[in-house]
Structure formats: C-alpha cells, structure tokens
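Read the single chain below, which is given as structure tokens and is the form predicted alone.
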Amino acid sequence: MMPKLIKKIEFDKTISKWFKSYDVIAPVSSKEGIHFKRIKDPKEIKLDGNQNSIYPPKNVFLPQSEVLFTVKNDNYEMPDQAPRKRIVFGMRPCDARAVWLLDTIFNKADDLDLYWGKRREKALIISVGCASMCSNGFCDTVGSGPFGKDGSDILITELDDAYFVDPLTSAGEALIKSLPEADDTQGKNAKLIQKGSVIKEHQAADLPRIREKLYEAFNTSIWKDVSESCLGCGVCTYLCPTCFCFDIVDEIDRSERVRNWDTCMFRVYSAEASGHNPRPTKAERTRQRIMHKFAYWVDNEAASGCTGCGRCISQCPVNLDIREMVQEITSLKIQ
C-alpha cells in the first residue's frame, strides 16, 4: 500500500472533505482535558505532541451508558443500530490496539455483540503516532509501541510541514486514494521519527514468565500488600482502554434496559444473590484486575490485556503504579 501525504496547509481542507460522507470523531480540548467527540470544524482537533485523552475512545464503540432496548406496548424496540459511517481520527496507537483487543471480546463471528459490531463495521480508525512517549506510557513493553499498527486503518506520522499517511487496510487505502503520494525522503524521515520514539531503556515484558509467576502467587498474601493503598475508586478501570466490565439495569420509569460501564474493583460487582462474594476485599479485586491483564488475556489471546497507555498510573489518586505492582508480585520467591 502506497503511503500518502497531507500537507499541513491542506489539513483542514482534507478533513472537511470527509465531513460529506462521514461523521468525524476526534480529540478536542475541554476544561477536564482532551476527550473524543464528533467535530464540525477541523480546527477543533487537538493533536499536541504525545498528549492523550483523559477518557479512552473505547466509548465510541462501547458507550459509558447505552439503551439496549425499550419496551412499548409489550413490544421490544431496539435503538437504531445503523449509524452513519464514522472516522475516528487522532486515536493514539495504544488506544487503537485496545480496540483490536476488545474486538476479540465483542466482535467474534460466533459470539457477536450487535451493539459493538454495528458501530465497529461503520468506523475507520486513523491513529496518530507519538514522536516521543508520554511520561507514564509503556506501550513499547507490552506488544505495541508509539507507532503500533494494531487496530488502525491508517497510521499518521507528523513531519515538519506535513502528515505522512500510511494506509494499513484496504478501507484505509480507499479513503486516501486521492491524496498525493509521499516521496522517498518523506518516507525516510517518517521512519527516523518512528525509530526515535521508543525509549531505549524500556525492555519488552516477558509475558509468559509474568503469567506463570502471577499464577504461582495466586494464593499468597502479596495481593494484600500491593493493594494496601488502593481506595477502591475504580478510576484505573474506568480510564482503562481495554476494561469492558458492564452492568445491565432495567430503568422501569423509562421502560428501558440499559448497559452501563462497571468495574471489578467495586465490592458489589462480584456479590452473588446468595450473599457470597468471591472477592470480598480489595486484595482479591486487585488480583482479578492484574490477572486479567497479564494472565487471563495471555491465556486466551496470547497478548497482554494492557496496552501501556499509562492512564491508570497518571490518574490514580494514591499513585499506584501497575508496573511496580507486577514487578513486586513477579519478584516474589515462593517456597
């Protein structure tokens, strides 16, 4: 597939052309920080260095709260599941990889989530690589990187006066076919930027070893130790691009069945109707979170369930660091 080019002076014009056929969802600024929303003006787009959104853009495909169906006159009515075609522009590679991972949960042919599937089939993901890694990011250690390609239809590298546009799928290639081709010099410059984006001191995580050590530590007291400071607020999971726990409630007054984000870090999440709770303390809940990312997902997909975006580190109110927690657990000598 032939890389293309968007000159920065032509950027707004190019995005505006896409408005004719697509809804464009992109990162914008707000008082709370960067977040993704549908834009109507290309000037709304916020692409500053390696700054990522506060909330992960998984909510484009898995809304924080969504109506599954409404009951009217004893009939079930599903919401419109045929959204207009969409371009999700400016997603970072860590978040694009998260969509790829969530596809393994919601978008399997033999076990399709209709709500996710309809949104996903109508969307193109254009990711923008990070010329330098964010302060808490460790995407390069868990199977991706600042210019990782998983989940993206197009990957963009910012040059001095242009954007180097690399199509990764046939759908991405079709979108940009009318753009001018990038030349060899621009291609070489893009590769230099991509190569220089990784922190040399970072070492790739040994996922099979981590998985093995986590299972060995499953019934030890280490989980109580690493979770001692945890407040159980759930911010780590709500801001995680790959966490997908949800609750389903019936809103009787509105005659709606609604799916809402939930978190395994809440005690009530695992409470059973009998009154038994298999995860009664934050030690078991922390174990579930870490095991899911670095053991269960490795079992099922041979990939880390963590994309290294760093949100759970930068936003934790008590400065817990999942890297340090995993290191402490896997360094435990078990007799």
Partner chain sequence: MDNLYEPIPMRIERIIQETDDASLRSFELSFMRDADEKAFFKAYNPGQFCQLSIFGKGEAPFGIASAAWEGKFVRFTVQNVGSFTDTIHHSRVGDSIGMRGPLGNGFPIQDWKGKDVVVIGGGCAFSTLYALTKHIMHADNRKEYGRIVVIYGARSSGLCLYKPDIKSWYQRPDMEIHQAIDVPEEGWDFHTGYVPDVVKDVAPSPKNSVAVVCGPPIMTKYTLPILVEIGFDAKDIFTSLEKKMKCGVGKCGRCNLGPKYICKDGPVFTLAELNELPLDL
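Numbering follows the first chain given and starts at 1. In this text the structure is predicted, and so the values were computed from the model without any measurement.
This next part talks about the form predicted in complex with the partner chain, which is not shown.
Shown without its partner, this chain lists Lys191, His202, Arg257, Lys122 as candidates; in the model of the complex, only Arg257 has a non-hydrogen atom within 4.5 angstroms of the partner chain. Scanning Asp161, Asp183, Asp80, Asp111 against the partner chain in the model of the complex with a 4.5 Å heavy atom cut-off leaves one residue, Asp111. Heavy atoms within 4.5 Å of the partner chain in the model of the complex belong, among the stretches 212-220, 92-100, 123-131, 147-155, to residues of 212-220. Taking non-hydrogen atoms only, Val268 approaches the partner chain to within 4.5 angstroms in the model of the complex. The closest non-hydrogen atom of Val226 lies beyond 4.5 Å of the partner chain in the model of the complex. Taking the partner from the other structure, the partner chain in the model of the complex has no heavy atom within 4.5 Å of any heavy atom of Leu207. Of the heavy atoms in Pro278, some are within 4.5 Å of the partner chain in the model of the complex.
Along 1-28, no residue reaches a heavy atom to within 4.5 Å of the partner chain in the model of the complex.
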